[in-house]
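Single chain ahead, written as structure tokens, the form predicted on its own.
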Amino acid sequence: MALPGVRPATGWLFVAPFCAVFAVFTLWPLGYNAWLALHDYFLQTGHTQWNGFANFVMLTWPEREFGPALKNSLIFLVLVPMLQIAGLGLALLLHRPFPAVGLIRALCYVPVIIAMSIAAVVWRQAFAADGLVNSFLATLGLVSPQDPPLWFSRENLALYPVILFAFWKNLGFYMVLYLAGLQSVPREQHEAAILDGANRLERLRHVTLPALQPVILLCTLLATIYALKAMQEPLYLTRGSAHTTTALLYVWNAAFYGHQFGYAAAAGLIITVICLLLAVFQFRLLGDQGRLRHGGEA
């Protein structure tokens, strides 16, 4: 309801800048991508030609290897619970004041601000045959010093250090978000729960997590989008070799190396649809009407 003397249409003037930016930088690219997915695009002339669903049919061809790339992106989704659990756990540990807590928080955030290319060089050295990781595992007797594993060359191993790298690179970011969220948890509710005899686990479940519901939802959505958009990590660490190509890296190669823009748009559209479906599921699970908001009770 508009205030006296203010016309209802006035409100639209305030949201118009956002709507304009959203339409230009989100809706139009999405619509153009969907349109391009149904066409062949000829780079030299700039012409397009309708081809129906041919690009989507080509994605199913085994020799195109879109399936393995999409599978790697779905495996990357294991980052979502990893980042949420570790980020929240780290935030709970560093939420209380103790000596040097500020320094520890800063050190946890350092990987976030390191350039991806520089961090990847360090990780490649650490996971080299004679690197730090194999030396440590050999000390524990888990690998043979004479035949150390080549982490980034073996097809059945290469993806996991890449995921671990992404986890290390982003953990500090989610820790900061959860630390900010913990500042908003009402202290009175914790004190009331203590008076009622609730232990730490019960206070976490019935007070902290419901209060953090918006932050958990936000972090889960961001981590899901990040996992499905993972491209730089395999690009810098393995160049996409050893079966570490993700779906977005596949799209990038198809568009800018293969010059198959319509085909790349079709692959990108599938990734977008998967991302939207996961977002809907997460809103239902972690949204205002989800179980998390009510302390895990329906």
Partner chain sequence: MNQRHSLRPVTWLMVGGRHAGIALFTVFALFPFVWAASVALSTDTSYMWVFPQAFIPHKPGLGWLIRVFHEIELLVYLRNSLLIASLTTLGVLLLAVPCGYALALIDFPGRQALFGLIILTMMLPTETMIIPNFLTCIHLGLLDTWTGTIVPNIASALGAFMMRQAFTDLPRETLDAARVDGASEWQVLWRIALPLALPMAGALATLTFVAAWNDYLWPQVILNSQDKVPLAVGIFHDLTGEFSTSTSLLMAAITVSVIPVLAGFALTQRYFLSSTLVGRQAI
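Positions refer to the first chain, counted from 1. Here the rigid core means the biggest group of C-alpha atoms that line up within 1.5 Å when the two forms are laid on top of each other. Worth saying up front: this structure is predicted, and the values here are computed from it rather than measured.
The same protein also has a form predicted together with its partner chain, omitted here; what follows describes it.
Engineer: Should residue 66 be counted as a contact of its partner chain in the predicted complex, where contact means heavy atoms within 4.5 Å?
Structural biologist: Output for residue 66 is no: heavy atoms all beyond 4.5 Å of its partner chain.
Engineer: Looking at the partner-bound form in the predicted complex, is residue 54 within 4.5 Å of its partner chain by any heavy atom?
Structural biologist: Although its partner chain is absent here, residue 54 would stay clear of it in the predicted complex, with no heavy atoms inside 4.5 Å.
Engineer: State yes or no: in the predicted complex, is some non-hydrogen atom of residue 142 no more than 4.5 angstroms from a non-hydrogen atom of its partner chain?
Structural biologist: Residue 142: no, not in contact with its partner chain in the predicted complex.
Engineer: Verify the contact flag for residue 105: yes if a non-hydrogen atom of it lies within 4.5 Å of a non-hydrogen atom of its partner chain in the predicted complex, no if not.
Structural biologist: Heavy-atom contact with its partner chain at 4.5 Å: present for residue 105.
Engineer: Find the only residue in 192, 75, 157, 225 having a heavy atom within 4.5 Å of its partner chain in the predicted complex.
Structural biologist: Of 192, 75, 157, 225, the residue with a heavy atom within 4.5 Å of its partner chain in the predicted complex is 225.
Engineer: Quick one: which of 67 to 75, 178 to 186, 206 to 214, 144 to 152 gets within 4.5 Å of its partner chain in the predicted complex, going by heavy atoms?
Structural biologist: Heavy atoms within 4.5 Å of its partner chain in the predicted complex occur in 178 to 186.
Engineer: Going through 251 to 273, which residues have a heavy atom within 4.5 Å of its partner chain in the predicted complex? Please give them in sequence order.
Structural biologist: Result: 251, 252, 255, 256, 261, 264, 268, 271, 272.
Engineer: At a 2 Å cut-off on C-alpha positions, does residue 145 qualify as shifted between the shown form and the other one after fitting the rigid core?
Structural biologist: Yes; residue 145 is a residue whose C-alpha shifts (by 2 Å or more) between the shown form and the other one when the cores are overlaid.
Engineer: Using a rigid core alignment, state whether the CA of residue 262 is displaced by 2 Å or more between the shown form and the other one.
Structural biologist: Residue 262 C-alpha, core-superposed: shift of 2 Å or more.
Engineer: Take the rigid core as the frame of reference and indicate whether the C-alpha of residue 62 shifts by 2 Å or more between the shown form and the other one.
Structural biologist: No, shifts by less than 2 Å.
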